[in-house]
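Single chain ahead, written as structure tokens, the form predicted alone.
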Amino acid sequence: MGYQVIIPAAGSGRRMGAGQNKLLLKVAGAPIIVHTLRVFESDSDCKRIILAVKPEEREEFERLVKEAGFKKIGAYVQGGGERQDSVREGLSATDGDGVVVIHDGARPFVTADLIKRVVQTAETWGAAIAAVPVKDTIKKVISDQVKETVNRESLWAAQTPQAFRRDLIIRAHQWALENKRTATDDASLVEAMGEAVRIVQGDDRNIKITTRNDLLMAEFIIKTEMRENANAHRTRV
């Protein structure tokens, strides 16, 4: 099993109010994107990483990659105005007929185990996404008034990684381009074509860093993982 991964990294950090690409913000001493890339760099099943970046930020990303010693960056492509544009450009840099993984650069806590399960499911069924069941009560609201309490039993919150057979996801993005369809994730385009997408149980720690509060949560997760690793080491010794 082997896969290529596309990581859209051309965001603006607008919702965070960072005034710069949020992936360049540091968590536990390293930029968010470095934490994310490290997971794929160390995964033996990952054969190639494709980064979609803004042209004006490419030099900065190349510097970070070089300093970190990453060897799997196979291509830099131009990040578009929308995430969908960035992924489409990334797909143009893929090759072969295996599985393509698409992962948010702002999800640094993805694990090799989760990636493997999503990729294996995509190899079997064609398309798969990580997701977690919705825990909160969901209200449908119009003009500040609750109109409906939605049954959450069948609701899942989508995450990345999302994985697809390469021919399927290329076809989905081409279909979306021709039909002027946009979506907030790639699985939605596959679904819109009438193709099935399988769910793989995700991980609550696999958060997407979007707000300032998410940065605080990320720091907490890293410190917790460091303590867990230290305790595990002491137990083995």
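Model, not experiment: these values are computed from the prediction. The first residue of the shown sequence is 1; numbering continues from there.
Quick note: we don't show the form predicted together with a small molecule, though the next part is all about it.
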Under a 4.5 angstroms heavy atom criterion, identify the one residue in 83, 117, 72, 165 near the small molecule in the predicted complex.
83
Distance check, residue 106 to the small molecule in the predicted complex, heavy atom within 4.5 Å
yes
Does any part of residue 208 reach within 4.5 Å of the small molecule in the predicted complex? Heavy atoms only, please.
yes
So which of 38-46, 22-30, 191-199, 174-182 is the stretch with heavy atoms within 4.5 Å of the small molecule in the predicted complex?
22-30
